[in-house]
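Read the single chain below, which is given as structure tokens and is the form predicted on its own.
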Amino acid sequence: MTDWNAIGDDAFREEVRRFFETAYPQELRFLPRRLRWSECKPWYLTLARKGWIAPAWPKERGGMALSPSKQIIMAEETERAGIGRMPDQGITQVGPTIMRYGTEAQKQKYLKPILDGEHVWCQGYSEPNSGSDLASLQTSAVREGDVYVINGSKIWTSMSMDATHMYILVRTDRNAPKKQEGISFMLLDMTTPGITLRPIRNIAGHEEFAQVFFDNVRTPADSLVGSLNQGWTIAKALLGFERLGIGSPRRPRYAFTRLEKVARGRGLLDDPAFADRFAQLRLDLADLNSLYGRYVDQVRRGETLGPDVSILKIWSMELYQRIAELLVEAADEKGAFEGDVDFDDEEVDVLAPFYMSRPGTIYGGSNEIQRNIVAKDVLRLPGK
């Protein structure tokens, strides 16, 4: 097995770039939407066969065990090549969670199918009345013999229409003294009878989400991860992984690349006022890269992400919005056109980053909630 960390960063970048340029389908580059599983499964399996599907996983679990700098290189080259995001929650969230909290039987059952693309995961967290206040969730799981019976609903479930499995938070004790207590973390097969999906279109008209309904869904008792009623502890750890993923420089970098194309096409880099704003965003993106690398290194060492990772999510998503807004402004009258627009022989979809950035300060826990977390749990500021 290749020790990628023993290779210099420049040589590693060249290797990754060469492979991405030759192996990734041209027709799937720079799409302004999330890829469906049927579109990206061949690429997923290509990466799996090459051993590149799980950059951060340890080698003993089939991963690359990349250093933070090389993970960032891979992310940068993924963006440079226009490679679309795959349904990756198995790799980025479920897998690390099972490694940390799951039984050996659960590790044997679930980890390899993630790597092999046999299991595609979605997240069952938010509910119609429990979004950023996730601990108020009401979807229930009641033990009946050797199964749990689940009833309730989840919403904004990204790419659930393509998922084979869901990791879900359920209330298993309604009499717990605190709302964070009495919650359990379970793994659920999406083919289980009683599950119904209703797709939701986003602002750009794409079906990326769904509301999921559970009507007496029976799942084996061994689908419970960790201890009963201790799911909030696992959820916080997994939310750390999620905020690490959301905080990745990939999205802001995607928008910045397009901003640079538009700016060059319209000659805006010669304008001192625009050049100043452009330089500030470039520096902000460099700061985000550095911050992201720090947290990636923490995960690679097997350390638990603390509440301070909320800073990463805040910075990334607000930077993403600032870049997308300047992109629309820089495009001038063409900023109102949907789809690819020509700028001095460069085709740029101006509105896609704008559309995609708008919900970024809401999903994964709104930025207002993240600021509260930082104030309370990092800065130790007094409450009301």
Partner chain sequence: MADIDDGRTDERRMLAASVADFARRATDMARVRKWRGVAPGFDRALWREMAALGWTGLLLPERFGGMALGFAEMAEVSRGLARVLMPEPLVACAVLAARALGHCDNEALGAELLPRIAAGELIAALAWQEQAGDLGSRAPVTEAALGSGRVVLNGAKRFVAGAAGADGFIVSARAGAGVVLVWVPAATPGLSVRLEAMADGRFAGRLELADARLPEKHILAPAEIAQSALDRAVSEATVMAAAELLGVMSRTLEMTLDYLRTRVQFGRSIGSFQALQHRAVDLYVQEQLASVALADAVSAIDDRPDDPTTAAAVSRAKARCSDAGSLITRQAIQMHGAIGFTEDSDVGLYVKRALTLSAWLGNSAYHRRRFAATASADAQ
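C-alpha atoms forming the largest set that superposes within 1.5 Å between two forms make up the rigid core. Bear in mind the structure is a predicted one, so any value in this text is a computation, not a measurement. Numbering follows the first chain given and starts at 1.
Although it is not shown, the form predicted together with the partner chain is what the next lines describe.
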Worksheet item: Of these, F214, Y125, Y148, F209, which has a heavy atom no more than 4.5 Å from the partner chain in the model of the complex?
Response: F209
Worksheet, complete the sentence: With the partner omitted here, the residue among D349, E346, E329, E39 that in the model of the complex has a heavy atom within 4.5 Å of the partner chain is E329
Discussion item. Is it the case that L45, even though its partner is missing from this view, gets within 4.5 Å of the partner chain in the model of the complex, heavy atoms only?
Written reply: no
Worksheet item: Just to confirm, E14 within 4.5 Å of the partner chain in the model of the complex by heavy atoms?
Response: no
Discussion item. Taking any heavy atom pair closer than or equal to 4.5 Å as contact, tell me whether I7 reaches the partner chain in the model of the complex.
Written reply: no
Worksheet item: Taking 4.5 angstroms as the cut-off for heavy atoms, does R266 touch the partner chain in the model of the complex?
Response: yes
Discussion item. To test your reading of this chain, name the stretch in 161 to 169, 286 to 294, 76 to 84, 91 to 99 whose heavy atoms come within 4.5 Å of the partner chain in the model of the complex.
Written reply: 286 to 294
Discussion item. In the model of the complex, does each of D133, F256 and E303 have a heavy atom within 4.5 Å of the partner chain?
Written reply: yes
Practice prompt. Any residue of 179 to 201 with a heavy atom within 4.5 Å of the partner chain in the model of the complex counts; write them all down in order.
Written response: K179, R198, I200, R201
Practice prompt. Align both forms on the core first, then report whether E325 has a C-alpha shift of 2 Å or more between the shown form and the other one.
Written response: yes
Worksheet item: Is K261 among the residues whose Cα moves by 2 Å or more between the shown form and the other one after superposition of the rigid core?
Response: yes
Worksheet item: Would you say E118 moves its Cα by 2 Å or more between the shown form and the other one, aligning on the core?
Response: no
